[in-house]
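In structure tokens, one chain follows: the form predicted on its own.
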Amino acid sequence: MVDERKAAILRITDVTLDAARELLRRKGFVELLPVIIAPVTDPLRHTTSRATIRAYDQEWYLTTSMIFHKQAAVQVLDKIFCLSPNVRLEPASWGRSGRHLFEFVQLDLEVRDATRDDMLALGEHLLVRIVERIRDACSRELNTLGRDLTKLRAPFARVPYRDAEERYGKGFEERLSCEIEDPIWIVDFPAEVREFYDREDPSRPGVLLDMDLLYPEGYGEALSGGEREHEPGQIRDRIRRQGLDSAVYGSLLAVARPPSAGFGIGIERLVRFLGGLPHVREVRLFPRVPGEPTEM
């Protein structure tokens, strides 16, 4: 017997990927093949362990994000994107959030000589277009899921991180996402809460030129990105301030220029929002949820 709910979710996922690819190619982006393993990967500033394998007498990391490879790629092409599989070994308790898988796919993109404002505009255009496409092409699937997907209108509001924290307290993302009726940007993160590769505003020390987009209705983070630190001296200083080993990231120092900006958007979280799903596990036929056993 056909599981109509699961079939509807998979069809929405397919149309989502097609809509994203169509828009990005129209804007001159080139799709790259993903990097699955590497000798260095995104360190991430939260409680995420990195999965490793050993091959050919070397330890390799499974990709947590393609940030470093994206920065290298824009030396060759000025606009790139990739559907990048990520593995992040997050706490088992996060599996109950409705938002976390430890294996997921991220639409990762990067643009040479771009600014944060460029990325804000592109992120809005991408999300608005995908919602339009799903509303037009997947009305039957949305009806199967009982989802009334509202049309989005850009530009979205922007709120500085410190303002959101002052109003909602630390860990404000979930509370703010539950309150808003439209997507909202969080901008100007403090340097101490983000990774060393996010660019510090030259005119505002300690403030980063980055952004997160939050979905409404309590669906949480949609995408994350911003401008990249590209001066080797600045990168070394940020690595030192975060207590990391600069020797590990020597390859990044070699490819950090030219300047670039980009973001990553989680496909499973996006489809969860589009379909109004209670848990992101429903998006995958074979979900990998933190803390949950799996047989296949």
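Note that residue numbering follows the sequence shown and begins at 1. Predicted model, so just to flag it, every value in this text is computed and none were measured.
Although not depicted, the form predicted in complex with a further copy of the same chain is the subject of the following passage.
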Which residue, Glu173, Glu124, Glu90, Asp201, has a heavy atom that falls within 4.5 Å of a further copy of the same chain in the model of the complex? Glu90
Please determine whether each residue of Val35, Phe102 and Leu252 possesses a non-hydrogen atom within 4.5 angstroms of a further copy of the same chain in the model of the complex. yes
Gln75: touches a further copy of the same chain in the model of the complex, heavy atom cutoff 4.5 angstroms: yes
Does a further copy of the same chain come within 4.5 Å of any heavy atom of Arg238 in the model of the complex? no
With a 4.5 Å heavy atom cut-off, would you call Pro232 a contact of a further copy of the same chain in the model of the complex? no
Residue-level question: is Arg11 within 4.5 Å of a further copy of the same chain in the model of the complex, judged on heavy atoms? yes
a further copy of the same chain isn't shown here, but in the model of the complex, which of 210-218, 103-111, 158-166, 186-194 has heavy atoms within 4.5 Å of it? 103-111
